[in-house]
Ligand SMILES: Cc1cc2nc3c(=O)[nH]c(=O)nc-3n(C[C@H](O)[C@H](O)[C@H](O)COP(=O)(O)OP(=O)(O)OC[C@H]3O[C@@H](n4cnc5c(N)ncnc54)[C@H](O)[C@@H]3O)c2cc1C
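Before any questions on how it binds or moves, here is one chain, the form predicted on its own, in structure tokens.
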């Protein structure tokens, strides 16, 4: 079905994926009406930079995305038969094409004392770290000397811990696994990351399972006072940050009868099981993968914009329409400041891509500089880069990332690859 003049495209979700799609479609297809619904009270923003806002390095308006008209309204139902989206205020909007960009929700672990009986509310001092409101609430609660426990040692937990430490909080980071950021790192790089966080004053505990929260009465509610570990030990605290991962928001799609697995299932045109409905960003599942990463959301938004614009212009035969073939995602994180800062802590950069854990038959190349805390590792399979980890000075990340993204065979000799791992092989 081609998109014609007067076509109504409705985008549900004002996050990075939905806002980027609407921002590209609106000026490029003036004869097509684009309506963007976002339930947050804030204009669309770059969620990746929330930790910088929490750390006090950026004001909230600095991370705002390019101006996009966004209706602050929550969509509660999709009527596929009538091609309508219904909002919580009872209003209905017709669509010719619907795009679900509903994002993801933070995972709240099943901890004792997490919710008050019958109220479904978190105790005072307990925060998720997913939205601007979460960030502003945390920012208002943190001050020098406050004790803060971060539950979860993945990318989000590490980012939250260093941001709170930058604000002067005494931070304890709890990770259930053997080392930090297990999804992106190996054991050696996880230990280097831990050492760096500890040099920032962050107390790190791995192989540490949280049993529950203990609270105290405060007004008509309850406030957290300690975190109880599996061995019964309690960590006194003023704040708790839950950084235990995210889960795709698929409720709207499920209720509408769309195919849902871990996420909303889409094909190479990012279509759901209903050809009039697409899904992009954290809520979508393509090729069996739920990415949950900002660069995947951007690539999916760009791919869908190209597809819809091609249809609107009738510039491509359906067989030649743009297609999304997946994202080769790179995770990058910068910790610490500069040696000239008040802390005197040198910057610590981290980048990881692909699968850094080798299987039998893989070749592994490592360069380690213990003095500088630098570590570089790449995994090679069938003459191709399949994964890598870089810590410390990341001058080489640009060329390595491009080599991996191209997925082309490496040169027959090792010298070019060694060159990639050195500073002069960078971007």
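Positions refer to the first chain, counted from 1. Treat the numbers as computed from the prediction; the structure is a model and nothing was measured.
From this point on, the text means the form predicted in complex with this ligand, which you will not see here.
Participant: Can you tell me which of 218 to 226, 205 to 213, 192 to 200, 129 to 137 lies within 4.5 Å of this ligand in the predicted bound form, counting heavy atoms only?
Facilitator: This holds for exactly one stretch, 129 to 137.
Participant: Would you mind picking the one in 48, 380, 374, 64 that has a heavy atom within 4.5 Å of this ligand in the predicted bound form?
Facilitator: Filtering the options by heavy-atom distance leaves 48.
Participant: From the list 307, 185, 75, 165, which entry has a heavy atom within 4.5 Å of this ligand in the predicted bound form?
Facilitator: Contact residue from the list: 75.
Participant: Is the gap between residue 332 and this ligand in the predicted bound form 4.5 Å or less for some heavy atom pair?
Facilitator: Output for residue 332 is yes: heavy atoms within 4.5 Å of this ligand.
Participant: Determine whether any heavy atom of residue 292 comes within 4.5 Å of a heavy atom of this ligand in the predicted bound form, and answer yes or no.
Facilitator: Yes.
Participant: Verify the contact flag for residue 17: yes if a non-hydrogen atom of it lies within 4.5 Å of a non-hydrogen atom of this ligand in the predicted bound form, no if not.
Facilitator: Residue 17: yes, in contact with this ligand in the predicted bound form.
Participant: Residue-level question: is residue 101 within 4.5 Å of this ligand in the predicted bound form, judged on heavy atoms?
Facilitator: Contact with this ligand, yes.
Participant: From first to last in sequence, which residues of 130 to 164 have any non-hydrogen atom within 4.5 angstroms of this ligand in the predicted bound form?
Facilitator: Residues within 4.5 Å: 130, 155, 156.
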